[in-house]
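Below, in structure tokens: the form predicted on its own, a single chain.
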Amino acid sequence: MTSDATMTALLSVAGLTKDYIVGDLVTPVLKGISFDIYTGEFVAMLGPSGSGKSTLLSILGTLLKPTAGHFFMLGNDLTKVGERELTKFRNRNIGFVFQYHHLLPDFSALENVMFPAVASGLMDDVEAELRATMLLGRVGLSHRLNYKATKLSGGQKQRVALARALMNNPALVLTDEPTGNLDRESAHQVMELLTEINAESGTTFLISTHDSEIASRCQRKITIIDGKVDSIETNPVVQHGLAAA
């Protein structure tokens, strides 16, 4: 991995806070989070339940507004962008893979993967079908294109979710416990795919997890405890993606 000085910060987080307010009760969840993620990195975000990881991931995915602080992506201060522009930015630049795949049950694998591009108007049906077919082939599901989501195994559903996250060729993919509901073999296959795609395409991944084995496969580990960054560690033996070039 090259030094930070020679790498491009894709995402910069500066002093982010998030409070939940119910009546007169204020509950601080994030308490001044700051870090950078660089183009092509494969980063783990670790922390116990209740540490604020999911809240932070929702903010970075522009699904939730912070109480204070800033975060920049691709040169844009996303805390100052209006909702319509934010939706466009999210659709084009950010992909999501959640612990629960959130596939549309009555849609086929192909239709689920096509959906982000067609719904956002970034591709026409023909272009979207070609790309979705390619991505499903990449994740090993060419033989399941027309299977409804309800007919797929847990591991297959998560691979469809990964293909869907990559549909609009995002700069950043956020994953929240992507292997949490999978058996060991399926989890291994999904992690292999994530690392291969990072190495091949330079897509940046931020993986929220409590699994130390998953974290050991990442270039850096950001540990969140009690709403604060407790540590940021580099794993010198991991080399993949553009950040390692």
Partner chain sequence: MRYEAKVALRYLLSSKMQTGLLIGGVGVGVLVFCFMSALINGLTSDQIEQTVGSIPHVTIEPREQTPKVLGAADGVVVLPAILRDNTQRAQIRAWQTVLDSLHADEKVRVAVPVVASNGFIARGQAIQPVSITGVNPEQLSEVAAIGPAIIKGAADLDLNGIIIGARLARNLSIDVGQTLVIRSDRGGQRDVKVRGIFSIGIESLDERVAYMNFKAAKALLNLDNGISRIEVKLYDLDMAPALASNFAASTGLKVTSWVEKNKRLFNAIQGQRSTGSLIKFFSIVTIIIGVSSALLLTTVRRKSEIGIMRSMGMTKGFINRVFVIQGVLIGLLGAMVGASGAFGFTTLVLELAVRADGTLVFPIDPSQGAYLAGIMLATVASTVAAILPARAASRVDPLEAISQ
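Positions refer to the first chain, counted from 1. This is a predicted model, so every value here is computed, not measured.
Although not depicted, the form predicted in complex with its partner chain is the subject of the following passage.
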Task: Contact label in the predicted complex: residue 67 to its partner chain, heavy atom within 4.5 Å - done: no
Open item on the list: Given that its partner chain is not shown alongside this chain, does residue 146 nevertheless sit within 4.5 Å of it in the predicted complex, heavy atom to heavy atom?
Closed with: no
Task: is_contact(residue 77, its partner chain) in the predicted complex, heavy atom dist at most 4.5 Å - done: no
Open item on the list: Can you tell me if residue 72 lies within 4.5 angstroms of its partner chain in the predicted complex, counting non-hydrogen atoms only?
Closed with: no
Open item on the list: Counting any non-hydrogen atom inside 4.5 Å, which residue from 186, 34, 58, 181 sits next to its partner chain in the predicted complex?
Closed with: 58
TODO: Would you mind checking 117-156 for residues with a heavy atom within 4.5 Å of its partner chain in the predicted complex?
DONE: 118, 119, 120, 125
